[in-house]
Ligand SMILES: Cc1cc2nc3c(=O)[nH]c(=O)nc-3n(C[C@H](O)[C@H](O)[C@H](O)COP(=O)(O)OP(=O)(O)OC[C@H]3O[C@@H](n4cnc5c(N)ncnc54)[C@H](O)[C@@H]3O)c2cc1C
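Below you will find one chain, with nothing else, as structure tokens; this is the form predicted on its own, and questions on how it binds or moves follow later.
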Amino acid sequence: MPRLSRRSFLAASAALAARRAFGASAPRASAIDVVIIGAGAAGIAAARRIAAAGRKFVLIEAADHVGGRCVTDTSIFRVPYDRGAHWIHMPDLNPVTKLAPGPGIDVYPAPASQKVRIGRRFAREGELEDFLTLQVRANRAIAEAARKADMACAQALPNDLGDWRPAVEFVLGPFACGKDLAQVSAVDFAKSAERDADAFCRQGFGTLLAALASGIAVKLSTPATAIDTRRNVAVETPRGTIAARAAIVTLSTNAIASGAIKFTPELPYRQLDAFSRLSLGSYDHVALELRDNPLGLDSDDLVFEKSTDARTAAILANVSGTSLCLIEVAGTFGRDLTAQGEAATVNFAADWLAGLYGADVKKAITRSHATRWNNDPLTRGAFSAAAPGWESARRALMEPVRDAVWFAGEAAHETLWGTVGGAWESGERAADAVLRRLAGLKEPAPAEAAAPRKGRSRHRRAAPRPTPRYEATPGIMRED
């Protein structure tokens, strides 16, 4: 029999601990503490937390990749293309950027200015001041209304926005929330944390998130089809049943509401109602590779249009210094447009750009792609926004079900909903709650949500600055 030295004993012990911590070797079903469903930001965050506590877990994912609504593609354009979340809000405070691995990951500040196109020209300085000032007034009006009652944001808007109204409604509604303002709760909107600084990842936000999942074993292409909580937790998958003491579910609200997972017993009505009231909005990228920079824009320039109706979009040009241009379509118009198929969506983007910059723009398009998140069966939309009168649904979503199932994701965060950072924090919070339950500890009393602050900015570019940068007479998955 070989001699077991102290060094070999320590090495073997360390290897065993690593396998248990990161679920590299799935333990016997009866020995699993937590099963985590979904390997997006919330699932990855929860897995890291559970692993750090030394508990045994299994992380399953229905797709063939990690990231959820935050995934980077390099095959279509041969450069990093974030098909989902791209904007990194508040990078100095964002938990994802705090943990970001150094080598090979470059997170840099987004430009601080925005541009507005009025027909074939850029808005002049005074016109930009008017636009930004009206956005601030609209934000304040929504915040003031939210103090009195939870109405639709559209009801709270000032009546004197004039011919800037469609543009203001697009920026605050579809662009920021994925929904028209008539479909968004004023309280939910007002409670959302200020996002007045942003960053981008040169290698793609999805690449950054995947790097944070490195070392964690994930069972890909393994969807959960049913969860039984009558005796501990049993999660059914096409590859068999996983038994555990608790479960963390990070699927989107639309996926849960669609019945993607059968719960036994059925979910309480309070949670079922919360999923339907926190439905996902629509937000898609139309990615165009433009030869020779025909728009004459700088790297990561953000451009809005002084539109006359809801048929509008936003431009994020020359992404990370490449020739890739993202045309952002969102809200009811974006949902209806993408429902017509990728070809119709790309044609709209090309025609819309031609209307702003001239017909020659179409000749510069070399490759194109349009996302259709509403048609993704694993997601069924972009990110959540509470229906008028239903901001409280987020708190209901954070409540455990029969002390066995916890929900996590961007929808389960009261101030950072719609962001990868919010999903990450939600995953950590759910993991902490599960760990307390496993340790037999009581839950702390829930903290009261912060009251909306007067005049807060929903998007970093919604408020004028003392010395604004203007050019030429110049965010979903933002993390959405």
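All figures in this text were calculated on a predicted structure; none of them were measured in a lab. For every residue, the number given is its place in the sequence shown, counted from 1.
The form predicted together with this ligand exists for this protein as well; it is not shown, and the discussion that follows is about that form.
In the predicted complex, at least one heavy atom of T250 sits within 4.5 Å of this ligand. Remark: P223 counts among the residues lining this ligand in the predicted complex, judged by a heavy atom distance of 4.5 Å or less.
Although the partner is absent here, K179 sits far enough away that none of its heavy atoms falls within 4.5 Å of this ligand in the predicted complex.
Although the partner is absent from this view, V34 stays clear of this ligand in the predicted complex, with no non-hydrogen atom inside 4.5 angstroms.
Picking from 361-369, 375-383, 104-112, 336-344 the stretch near this ligand in the predicted complex, with a 4.5 Å limit on heavy atoms, gives 375-383. Within 4.5 Å of this ligand in the predicted complex, a heavy atom is found for not a single one of G173, K191 and P388. Residues are counted as partner-facing when one of their heavy atoms sits within 4.5 Å of this ligand in the predicted complex; in 58-95 these are I60, E61, A62, A63, G67, G68, R69, C70, R83, G84, A85, H86, W87, H89, in sequence order.
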